[in-house]
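The form predicted alone is given below as one chain in structure tokens.
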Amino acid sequence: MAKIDFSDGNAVVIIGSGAGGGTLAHELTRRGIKVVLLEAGKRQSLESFSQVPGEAFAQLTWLDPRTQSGDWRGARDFPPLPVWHCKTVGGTTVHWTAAAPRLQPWELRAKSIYGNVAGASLIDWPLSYAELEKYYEIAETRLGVTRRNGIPGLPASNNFKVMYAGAKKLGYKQVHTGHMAINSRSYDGRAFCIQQGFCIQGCKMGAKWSTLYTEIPSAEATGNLDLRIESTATRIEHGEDGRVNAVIYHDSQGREQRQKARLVCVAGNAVETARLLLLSESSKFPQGLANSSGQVGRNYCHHITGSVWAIFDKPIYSWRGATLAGVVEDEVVNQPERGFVGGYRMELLTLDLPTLPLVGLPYGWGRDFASIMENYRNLAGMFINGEDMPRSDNRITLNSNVKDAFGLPVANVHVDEHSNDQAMRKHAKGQMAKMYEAIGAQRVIPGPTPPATHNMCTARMSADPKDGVTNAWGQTHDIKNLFVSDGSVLTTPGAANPTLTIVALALRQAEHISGEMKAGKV
């Protein structure tokens, strides 16, 4: 691994090591570019992952304080943790369930397809599906996505067989074990999935793709990567010309450090990316970096979610098999006659026994609650992953009344749900309940809305600089050597789990950055 001097102004500084940052670091270093990769968390490994749920949660989760507001269920049900993502090398690719579907071509044209949706801030993406498709194909090969490129799908778990039976009863046709970045056979030097379940605690087999043990070690092997763990970025600085030139961060000892940079790529997840840009205000950028449009932090999306559980008369053992290896895709269509625009997926769900009562059930203690828990082995589950509407006032702001460990304002996450979101959730929960009822469920139990895990759109791409923060390359409209490299840049969320799209955009961005650097433009 390289050691890059603090005063080396030729380095690219990447903040965050997840799907976007970790992939970008590999792509730049293999092209001979020196990279400093700052990661706020610790470095875990296949050996250090804990399979004890509480320990794993503490080991991987971003637990720094933040606040919330608005009428969304996250504010009411999970006030200390309205948003759930990771603080560890590899970011949320360590904890993700590895569902890797593509966005649909029409989902990149939401404004054109849906029209003027009152109360929404829709715009079209500044790139076409045809431009993105090449990078989807590269990303799917990199991740080893099942049911692509001749890679077989994962085996059908009991939880999937229940879903499949119910879906077929309702006439659904697009039902399968998913496009998953989990090895159904040995691939890329990594083992195959042994179906032990609970993927969100870190895959001890390495069967699930994560930048922790794929992109980052590959980047280190080039000799061009300086990975600095437990290093929390607190400010991005710029010169008189407005170009960024350094990142201020606190190291593992709490000491403030300053790393000079030729260019900076922010990939801290959509909440912390927006917060860092807002914290980096100056007399030249009084609203925060790259925020002349006032769009930094706005249009926050997190997908429409919500679970449904069903108790059957025989054991399901839903925890056996990959957590999310099952999907019904027939509802990924735009049919306004359903009462909403946009589409949704119905995906498998299982939760470990300690976590189920915390985030998966709407009941408190009592006889009814106990009866559900007693039937844990007979429980099947699925949830909705749907397109939510961007709203200008759904946003990340700074809360100066609450400070972090470094005395800086924390992020406040504000969400008021759009009526379209509510209608979609109601429709999806109804369909999931019908699926279970159609195959003889003894009882169907609607679950609450869990903490947000897909955080997107807070520094969105736009053709018109007034409408967003970056161009189609993730390059900020205001500052040519400042890039955003995570889910923040998604223009709209679509109904696809976002990681594959984030990786595809990072691959595309790396090509652009490399070319711009060679041409001396950044």
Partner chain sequence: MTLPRREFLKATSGLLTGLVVAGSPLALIARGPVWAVDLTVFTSSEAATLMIVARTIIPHDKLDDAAYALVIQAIDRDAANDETVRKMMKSGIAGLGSGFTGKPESDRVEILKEVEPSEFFQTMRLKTIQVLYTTPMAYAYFGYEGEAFSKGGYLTRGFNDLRWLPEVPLDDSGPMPL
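Everything numeric here is computed off the predicted structure, so don't read it as measured data. Residue numbers count along the first chain shown, from 1.
The form predicted in complex with its partner chain is left out here; the points below concern that form.
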For this session: Answer with one of Ala99, Cys301, Cys193, Ala411: the residue that has a non-hydrogen atom within 4.5 Å of its partner chain in the model of the complex.
Result: Cys193
Exercise. If you check Ala405, Ala130, Ala118, Ala370 against its partner chain in the model of the complex, which one has a heavy atom within 4.5 Å?
Worked result: Ala370
Exercise. Of these, 109 to 117, 209 to 217, 293 to 301, 184 to 192, which stretch puts a heavy atom within 4.5 angstroms of its partner chain in the model of the complex?
Worked result: 184 to 192
Exercise. Any chance Pro53 has a heavy atom within 4.5 Å of its partner chain in the model of the complex?
Worked result: yes
Exercise. Even though its partner chain is not shown here, does Pro152 get within 4.5 Å of it in the model of the complex, heavy atoms only?
Worked result: yes
Exercise. Does Gly90 reach its partner chain in the model of the complex, with heavy atoms at most 4.5 Å apart?
Worked result: no
Problem set entry | Pro105 within 4.5 Å of its partner chain in the model of the complex, heavy atoms | no
Exercise. With the partner left out here, if you bring back its partner chain in the model of the complex, are Phe160, Ala165 and Arg377 all within 4.5 Å of it by some heavy atom?
Worked result: yes
Exercise. Judged by heavy atom distances of 4.5 Å or less, which residues of 340 to 367 approach its partner chain in the model of the complex?
Worked result: Asp352, Leu353, Pro354, Pro357, Leu358, Tyr363, Gly364, Trp365, Gly366, Arg367
